[in-house]
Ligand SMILES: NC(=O)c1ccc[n+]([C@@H]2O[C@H](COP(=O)([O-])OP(=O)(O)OC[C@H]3O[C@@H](n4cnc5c(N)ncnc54)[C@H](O)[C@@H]3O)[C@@H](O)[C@H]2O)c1
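In structure tokens, one chain follows: the form predicted alone.
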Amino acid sequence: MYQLQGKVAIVTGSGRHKGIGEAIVLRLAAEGCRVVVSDLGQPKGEEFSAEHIGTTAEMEEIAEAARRVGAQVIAVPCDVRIEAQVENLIAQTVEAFGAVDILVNNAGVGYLMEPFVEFKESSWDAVLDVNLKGAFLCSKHAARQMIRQSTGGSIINIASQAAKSGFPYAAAYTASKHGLVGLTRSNAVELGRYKIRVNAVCPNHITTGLGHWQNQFFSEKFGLDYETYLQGIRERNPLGRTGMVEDIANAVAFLASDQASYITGEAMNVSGGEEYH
């Protein structure tokens, strides 16, 4: 559909079942991309417990699912906060497939939420390091490879409705996603001369594993039962439903393709009309 056959795509934060990253991997694989599944691989301290990260085993399961649709896929663990590991991610991709054409910065922390006056410095650092610094490092090294190839490329940052609106208990998350849109726009201006397009996708609420955690967190904070909280989300949305991971994967496939060849620097809402500004 989008003529992505043979393109090489890296998707960070794609090692958890039922997550946005997994959906993007499977969508790009179905389009004929050669895909790199990447996630943390193993727990690292209390901020990055097994509950919230993609393990090496889970990454390989997702890679195998993508292979079943005919794609060439490798799985590469990477802590996007560490530049040497990001460089290794790019190097392993080039070694396996010879190029990097598409980077999807999907790795993110959306589960460290605390009242602002109680927000821990360690929580702030963990969120900003993954959500913003990680996208900076991955974009930097992917762009270097794309420039060497002289064939252009597409970098797609998974931002959020929180990139355009404020949310309680989410100071670090909201700040990181606003910053990610700023990074998107700056990189689009600077990298355009190399035919590298840089865009962001801004989903509203999606009930992934992380989304389920957020539902529980906010329904408790607002004194609502789980289903009442979800119904409130649906009622605020002109299309009357919450988002699905496939909605985001479809937007990524479009932005990665030549059909979006004149689109760069955009922060595209994929929110059923809930986010207008």
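Sequential numbering from 1, following the sequence displayed. Just so you know, these numbers come straight off a predicted model, no measurement behind them.
Although it is not shown, the form predicted in complex with the ligand is what the next lines describe.
>> Partner absent here, but in the predicted complex, which of 63-71, 211-219, 29-37, 224-232 has residues with a heavy atom within 4.5 Å of the ligand?
In response: Of the options, only 211-219 has residues within 4.5 Å of the partner.
> Is it the case that G153, K195 and A251 all touch the ligand in the predicted complex, with a non-hydrogen atom of each within 4.5 angstroms?
Replying inline: No, the candidate spot makes no contact with the ligand.
>> Just to confirm, with a 4.5 Å cut-off on non-hydrogen atoms, which of M146, I90, V130, A172 contacts the ligand in the predicted complex?
In response: Of the listed residues, the single hit is V130.
>> Check C78 for me: does it contact the ligand in the predicted complex (non-hydrogen atoms, 4.5 angstroms)?
In response: Result yes; C78 sits at the interface with the ligand in the predicted complex.
> Is there any non-hydrogen atom of I20 lying within 4.5 Å of the ligand in the predicted complex?
Replying inline: Heavy-atom contact with the ligand at 4.5 Å: present for I20.
> Just to confirm, A200 within 4.5 Å of the ligand in the predicted complex by heavy atoms?
Replying inline: No, no contact at 4.5 Å.
>> Just checking whether L103 would be counted as a contact of the ligand in the predicted complex - the rule being heavy atoms within 4.5 angstroms.
In response: Heavy-atom contact with the ligand at 4.5 Å: absent for L103.
> From first to last in sequence, which residues of 147-164 have any non-hydrogen atom within 4.5 angstroms of the ligand in the predicted complex?
Replying inline: Stretch hits, in order: I158, A159, S160.
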